[in-house]
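The chain below stands alone and is given as structure tokens, in the form predicted alone.
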Amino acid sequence: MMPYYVAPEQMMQDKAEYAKKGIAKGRSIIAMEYADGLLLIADNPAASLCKISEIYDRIAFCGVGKYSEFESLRKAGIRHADLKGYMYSREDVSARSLARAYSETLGGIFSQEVKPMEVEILVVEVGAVSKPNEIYRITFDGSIIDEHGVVAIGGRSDAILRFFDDCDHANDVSLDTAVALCRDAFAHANAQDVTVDVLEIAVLGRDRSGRAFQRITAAVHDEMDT
């Protein structure tokens, strides 16, 4: 029996729609530049399942969509960074090189496999001293988008970005202000109040020596407000 023929264009379109539906089911993540570095904040009431993670000294990873798939990508990124840093030097590990590696992986799966990965990820690096921050968004098909200022992925990301477009904010706001803006953006997108205890919050601090990544719990946030 002859197999059904599907035009390549139709096959790619079907796979893209399938991946987008899976990603849209996930809760959103926001990456935002603030005065002292980069804020990473996820709408994530499941405290045991992290969507934001450290990858290397000044680099972090965020993933939305199917948890098992972006978790495997996170682990692969850590191995890639550790191996490169060990073989060459820690300075040779960059968000740009990681973004390219993720792009190759996701692009290859999208074009060659029947089922694409239902994920969208961010690879971010905080700039040291006068160097700019780097924010790369990598989509399910391997496309890389170089982002600036604020970016949102997953869930109601379009509504979140419209909120930021409508409000007047700068990239040099304090951490408290940045967290409050993101919380308001989540509330606007979800059409309901959002409390800090359902948010996963982390920062890449520009002035932190060595490892720049730090998680901010609800208790720490409360201390910052006092």
Partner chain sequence: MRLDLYAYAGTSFSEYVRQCRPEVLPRFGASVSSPDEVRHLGRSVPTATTILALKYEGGVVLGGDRRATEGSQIASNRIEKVYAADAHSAIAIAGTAGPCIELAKLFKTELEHYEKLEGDELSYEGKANKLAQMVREQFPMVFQGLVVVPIFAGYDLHRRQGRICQYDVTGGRYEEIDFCAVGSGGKDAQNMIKEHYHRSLVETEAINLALSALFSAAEEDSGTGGPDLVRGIYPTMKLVQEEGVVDIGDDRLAAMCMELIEAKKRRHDAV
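Bear in mind the structure is a predicted one, so any value in this text is a computation, not a measurement. Numbering follows the first chain given and starts at 1.
Note that the form predicted in complex with its partner chain isn't included here; everything after this is about it.
K.L.:
Would you classify Y56 as touching its partner chain in the model of the complex, given a 4.5 Å non-hydrogen atom cut-off?
P.N.:
The answer is yes: Y56 has a heavy atom within 4.5 Å of its partner chain.
K.L.:
Heavy atom to heavy atom, is I144 within 4.5 Å of its partner chain in the model of the complex?
P.N.:
No, I144 stays farther than 4.5 Å from its partner chain in the model of the complex.
K.L.:
Test of understanding: in the model of the complex, would V151 fall inside 4.5 Å of its partner chain by heavy atoms?
P.N.:
Residue-level check for V151: no, no contact with its partner chain.
K.L.:
Does any part of R74 reach within 4.5 Å of its partner chain in the model of the complex? Heavy atoms only, please.
P.N.:
Judged by the heavy-atom cut-off of 4.5 Å, R74 is in contact with its partner chain in the model of the complex.
K.L.:
If contact means any heavy atom within 4.5 Å, which of 135-143, 103-111, 122-130, 152-160 contacts its partner chain in the model of the complex?
P.N.:
Of the options given, it is 103-111.
K.L.:
Could you list which residues of 79-96 come within 4.5 Å of its partner chain in the model of the complex, counting heavy atoms only?
P.N.:
Stretch hits, in order: R79, H80, D82, L83, Y86, M87, R90.
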